[in-house]
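Below you will find one chain, with nothing else, as structure tokens; this is the form predicted alone, and questions on how it binds or moves follow later.
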């Protein structure tokens, strides 16, 4: 019974986190940027959805508005970076700083309760937990699949080229800033999807629910990539393998977190222990840019 409960917790948490992890992977592996805006976009998706639902707006329309809001956050951070005048990491920090106040203004209070509201998955959960989580899985995996198809297209190739050598793209007459804008709009909309799903499954939206999400996601992704590279005996991964690395990393992260909690580890030390584990993998990870420079 305890094992079944552990497995259930791991899969349920992973499902809502997976779109965010994929967004982080696209930003980190393709655009070569550590976009801290994803922390704020995660909360933004939850905040817009929760606020509109409590105002009586249809959950479908609320979800679409939250998705658009996440995309606009990506547009904002791309404008901050425009022309390469602002470092991507600093741009993400500034955008998150702005979104902190924006999310609180949108919500009108620090948190919004959704337990009594009709949402996209509430009817399914009312029938059974299996039906509810099946619907959450459908939403999560659908957005991930659409994103993977986009990344496999010419659009994804341009994003990878933008991350590798934006100067070359500019010399070839490619609209660099347009692809930067679309890339960050995609990654931040995926973060908003995770926020929307998380708000519905936990029953509330909170202004502090996105704290540390991006760094957690990066650590989980690198963990998955290292394991997959060791299994495939490759130094580079294709799109399908990169998505698989996201899945593996997210599952292992939540397995470690829930396993430590089941071992009665003091929650105060939980993130410290997980942080040390992630540091070990980050230290042993091969940075794509360093690998390319060495070759």
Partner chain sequence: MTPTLLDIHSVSLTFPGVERPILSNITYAVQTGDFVIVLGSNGSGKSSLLKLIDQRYQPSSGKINLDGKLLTSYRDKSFHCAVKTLTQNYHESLFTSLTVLENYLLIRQQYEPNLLAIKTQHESEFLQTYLSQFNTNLSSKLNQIVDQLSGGEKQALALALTVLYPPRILLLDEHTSALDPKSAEQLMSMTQQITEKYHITCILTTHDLAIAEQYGNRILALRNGKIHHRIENDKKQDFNQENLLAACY
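Note that this is a predicted model, so its numbers are computed, not measured. Numbering follows the first chain given and starts at 1.
Below, we turn to the form predicted together with its partner chain, even though it does not appear here.
Only one listed stretch (194-202, 136-144, 168-176, 86-94) carries heavy atoms within 4.5 Å of its partner chain in the predicted bound form, and that stretch is 168-176. Checking 185, 158, 114, 218 for any heavy atom within 4.5 Å of its partner chain in the predicted bound form turns up a single hit: 158.
At the 4.5 Å threshold, heavy atoms of residue 118 stay clear of its partner chain in the predicted bound form, well away from it.
Remark: residue 154 counts among the residues lining its partner chain in the predicted bound form, judged by a heavy atom distance of 4.5 Å or less. Residue contact check for residue 32: one or more of its heavy atoms lie within 4.5 Å of its partner chain in the predicted bound form.
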